[in-house]
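First comes one chain, alone, set out as structure tokens in the form predicted on its own.
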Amino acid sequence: MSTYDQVEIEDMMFDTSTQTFSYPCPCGDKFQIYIDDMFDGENIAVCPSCSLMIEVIFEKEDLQEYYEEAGSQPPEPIAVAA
């Protein structure tokens, strides 16, 4: 999968109400990715208006400050009964 660009998490905008990171797309819309998806290992933000994608550069530990800013916690792992 090829991406349009690589963007550091610090360069993205974080919306505490939707818990999404966004970054301007050349098409005029915004690349978006949910913090919970990033916590689960996803690092590709997608533009909903065109086919472009960016790779978000971050460490999982970086997300804690954004969870605190939003007043929430990272998702708990789901226990699977054996």
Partner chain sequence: MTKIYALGSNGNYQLGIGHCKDIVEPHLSFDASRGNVKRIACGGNHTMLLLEDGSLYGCGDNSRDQLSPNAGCTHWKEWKSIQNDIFKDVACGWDFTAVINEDDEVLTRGSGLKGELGLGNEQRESKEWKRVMTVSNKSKIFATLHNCVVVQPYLSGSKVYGWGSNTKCQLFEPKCRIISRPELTYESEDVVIDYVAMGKDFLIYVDVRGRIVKATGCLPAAFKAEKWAPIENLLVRCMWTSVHILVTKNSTQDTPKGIYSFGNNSHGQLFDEKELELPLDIKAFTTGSEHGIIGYRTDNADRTVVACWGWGEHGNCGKFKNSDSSNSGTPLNEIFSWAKNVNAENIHLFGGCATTWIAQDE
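Since we're looking at a predicted model, the values are computed, not measured. Positions refer to the first chain, counted from 1.
Here the subject shifts to the form predicted together with the partner chain, a form of this protein not shown in this document.
J.: Even though the partner isn't displayed, in the model of the complex is residue 57 close enough to the partner chain, meaning a heavy atom within 4.5 Å?
T.: No.
J.: Although the partner isn't part of this model, could you tell me whether residue 37 comes within 4.5 Å of the partner chain in the model of the complex, counting any heavy atom of the residue?
T.: So residue 37 does not count as contacting the partner chain.
J.: How about residue 62 - does it come within 4.5 Å of the partner chain in the model of the complex, if we only consider non-hydrogen atoms?
T.: Although the partner chain is absent here, residue 62 would stay clear of it in the model of the complex, with no heavy atoms inside 4.5 Å.
J.: Would you classify residue 11 as touching the partner chain in the model of the complex, given a 4.5 Å non-hydrogen atom cut-off?
T.: Result yes; residue 11 sits at the interface with the partner chain in the model of the complex.
J.: For the heavy atom contacts within 4.5 Å of the partner chain in the model of the complex, list the residues of 12-35 involved, in sequence order.
T.: 12, 13, 23, 24, 25, 26, 27, 28, 29, 30 sit within 4.5 Å of the partner.
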